[in-house]
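One chain comes next, on its own, written out as structure tokens in the form predicted on its own.
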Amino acid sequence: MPQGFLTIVLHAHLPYVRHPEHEYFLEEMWYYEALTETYIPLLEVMERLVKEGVDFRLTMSLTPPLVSMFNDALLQDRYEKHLNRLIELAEKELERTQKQPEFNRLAQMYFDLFHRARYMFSQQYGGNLVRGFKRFQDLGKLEIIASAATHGFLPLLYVNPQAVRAQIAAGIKSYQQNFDRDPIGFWLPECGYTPGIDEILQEFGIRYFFTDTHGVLYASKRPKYGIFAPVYCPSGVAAFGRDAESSKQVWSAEEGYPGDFDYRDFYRDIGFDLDLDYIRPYIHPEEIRIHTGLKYYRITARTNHKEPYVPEWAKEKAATHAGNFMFNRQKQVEWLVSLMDRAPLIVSPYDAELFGHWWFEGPQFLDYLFRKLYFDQNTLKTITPSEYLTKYPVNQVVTPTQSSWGNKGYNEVWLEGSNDWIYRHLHKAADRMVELATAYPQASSLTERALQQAARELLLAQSSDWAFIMKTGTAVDYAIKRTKEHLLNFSRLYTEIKENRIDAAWLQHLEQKNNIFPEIDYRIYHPDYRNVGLTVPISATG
């Protein structure tokens, strides 16, 4: 019997980026990079662990936008073409670096990596990674949790509770359609919580969610066991608080493992290093240099000078760091167990793309960690949140405080000078969507299609990614464009529905372009949604 438990949570999310109107769209690369560097490698790790009999538990949120992109035939086809280009580039690199052995072996590494990615994507999973993740959930190794429809930042949308209810309801319905079961847990986007959201989660049968550390520590009443045991909200939904120590040890490039000098340098890429004439076929058609994924240097030091990457050194560091992480968690548990009447739980949530995309060796780290936990010690064991609640069903009742895992812990990242202008428009659109759902509780034909698309456009406009990008300054023009386009689409649909003059050709264009949630029911915005014939998520019917 272990003395304590560890829950590792990977939050897997990308904004819905799909542009059929362009043959090549720069922001779609976010998705292709994530598949190659994070999601396929994570599946590869789980495949090895299961094949070799290593027991483990992992919790992941796979958000509806990401799952919708997994399912999309256009993006599946484009990703396979993307992989073929990378394989071609790696072949050219094998030839170019023949007299540079320190780089030639890395070109071979990437050639093999891209081939494995293509095999797993096309052959093993038939072009859809949902099948892979679902398999591990069905095996009992992975607990997939639901999330809001388009990763809306719920505390700021809560001005209209029906808008939050719609985000949650659409997210749960997407989960059920993709994983053939009801979700047990829920990932609040950005860990954004405000009291009352848990009551909506309870309506839909959700048993637990996560908050940042202070969401639980500053709860009313004070939690007896801090963040090392879940607490129940008055609604009966459990809240799990993030352990700051284990989280920072992994995600921080300054103080954590990813900044080690032997690990691969993310920013140094041949897409920027090599001559334009050579690299031109593998970057943006307008000759915008981009990351290709072929990176030959290690972090080396906090200088511009970089030394060649040595995979063996990085692999050894990943093993060392996995051992150090395990040792530190063991010491936490050994100290905590004397203070608690139950086995303590350490909750360690991370953005999934940290593992592989930003921290190339991250999947190796997880592989080593699960193996070391299984073979090398008996102090702690990995567990899913639902398993812990089953083991310890009696917990303290408190009211968590408003919080997020963003900078400074509250709403500032998504509500400040660069992005505050969006909210008056989002709130007005949400009010209008409720108005439409109330006025047309039993629409049919063209009006029903227009109402469904209006719901999609509002949900897409509410994505927290756009406000986040405006704050961080990475792709601001695109984020502003997406916000305005979805709001303008919604406003036009609202007017056309109200005036009974729907432009069928334009509506069809929107349905093909912004095709997320094909089975959406606009009546999730109806204040009395249970009594208008709405097919609600199964969990909400009980």
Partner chain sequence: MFTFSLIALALVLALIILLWIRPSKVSNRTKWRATDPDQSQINGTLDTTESNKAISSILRPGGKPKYNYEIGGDLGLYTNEDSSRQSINLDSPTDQVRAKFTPLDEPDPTQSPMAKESWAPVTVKLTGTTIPPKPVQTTQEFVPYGELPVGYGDHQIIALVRDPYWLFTYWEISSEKIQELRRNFGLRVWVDAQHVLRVYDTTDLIFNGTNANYFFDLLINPFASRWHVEVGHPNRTYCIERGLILQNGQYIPLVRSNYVTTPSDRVSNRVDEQWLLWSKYDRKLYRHLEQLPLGATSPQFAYSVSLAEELARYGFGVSSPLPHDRK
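In this text, all values refer to a predicted model and were calculated from it rather than measured experimentally. Numbering follows the first chain given and starts at 1.
Only in words, not in the display: the form predicted together with its partner chain, which the text now covers.
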Answer key: of L487, A475, L49, A34, within 4.5 Å of its partner chain in the model of the complex (heavy atoms) is L487
Between the options K221, H284, K391, K81, which residue brings a heavy atom to within 4.5 Å of its partner chain in the model of the complex? K221
I need the one stretch from 93-101, 143-151, 357-365, 243-251 whose residues put non-hydrogen atoms within 4.5 angstroms of its partner chain in the model of the complex. 243-251
So, G259, T320 and N328: all three within 4.5 Å of its partner chain in the model of the complex by heavy atoms, or not? yes
I'd like to check something about N71: if you look in the model of the complex, is any of its heavy atoms closer than or equal to 4.5 Å to a heavy atom of its partner chain? no
V310 versus its partner chain, in the model of the complex: is there a non-hydrogen atom within 4.5 Å? no
Residue contact check: A352 to its partner chain in the model of the complex, 4.5 Å heavy atom: no
Heavy atom of T447 within 4.5 Å of its partner chain in the model of the complex: no
Out of 446-466, which residues reach within 4.5 Å of its partner chain in the model of the complex, heavy atoms considered? none
